[in-house]
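Shown here is one chain on its own, the form predicted on its own, set out as structure tokens.
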Amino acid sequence: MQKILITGGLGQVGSYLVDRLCNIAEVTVLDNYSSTTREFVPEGVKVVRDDILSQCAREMVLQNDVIIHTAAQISVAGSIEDPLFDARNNVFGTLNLLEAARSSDISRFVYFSSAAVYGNPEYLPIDEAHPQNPLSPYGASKLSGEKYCLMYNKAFGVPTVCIRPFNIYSPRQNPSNPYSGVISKFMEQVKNNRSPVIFGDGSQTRDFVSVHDVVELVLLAIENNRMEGEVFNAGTGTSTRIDALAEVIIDIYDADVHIEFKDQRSGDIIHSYSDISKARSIGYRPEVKLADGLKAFINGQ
């Protein structure tokens, strides 16, 4: 049975990976409890409370066959307030794990990056070759982690795969995350019979992808050798207008509310959605339709 280490395994994506993998592998979670979204884990899963910058983290890499690295400082606003803290976690934390992996015999190192590496789109849909011009220290740190992963693959043979998720959503997501938190905010407003608030005219577009589809891409990354040393978008390849998203949520709750529009915020990206042709070429097939995913979201699934 494979031994899998999931960093950030108590967070949004990490916790779903734990749920999916714990029945087919020996799963260990490394988490510092800084942004925990669940308190309990399935029976048989070992949880180590420590930091990815620690010597303990390096030792845990040596004890496992697969490393799935989801732990990160994820706040864009936080990265702007304290770029050094952001870099210590996202750059040096990743480098600490990679350096351990360099002297280990792991079969895969899956790194979670972010669509934030792209910055303002120069064309749509956004493929992996799109220029990377991050607009925040967070985006820059995630891109740096990617570059280290790709370099460690080429220079040292570490079997890395980089995943660039677009707008992941799930009931365990952090509502303060500007890339996916809009769903949580709309849900909270509508279920309390308040108008969902949109900044702008609602024509902005995003690519909302269910965490369950992202998990399936990670499973492919673990097993498919053609993915080694490569970067893959994790999205649906479909753009959704923000006003359409709000309307779907209003319909799901059958709420008697109307969308409230406010002035657009400066710096907001207007349109963004992924080209997932590369991921499709290795078997990735996003299955969860947005309306179905939102209903499951309400049911806590």
Ligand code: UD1
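Residue positions are given as counts along the sequence shown, with the first one as 1. Nothing here was measured: the structure is a model prediction, and the numbers come from that model.
The protein also exists as the form predicted in complex with this ligand; that form is not presented, and the subsequent description refers to it.
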query: Contact segment among 193-201, 227-235, 209-217, 82-90, judged by heavy atoms lying within 4.5 Å of this ligand in the model of the complex; finding: 193-201
query: The single option of L143, A115, I163, A72 touching this ligand in the model of the complex, heavy atom within 4.5 Å; finding: A115
query: Contact residue in the model of the complex, from M187, V76, L95, L150 (heavy atom within 4.5 Å of this ligand); finding: V76
query: 4.5 Å heavy atom contact, Y138 and this ligand in the model of the complex; finding: yes
query: Contact test in the model of the complex: N167 vs this ligand, heavy atoms, 4.5 Å; finding: yes
query: Proximity of G157 to this ligand in the model of the complex, heavy atoms at 4.5 Å; finding: no
query: This ligand contact in the model of the complex: G181, any heavy atom under 4.5 Å; finding: yes
query: Residues I242, R265 and D268 all lining this ligand in the model of the complex, heavy atom within 4.5 Å; finding: yes
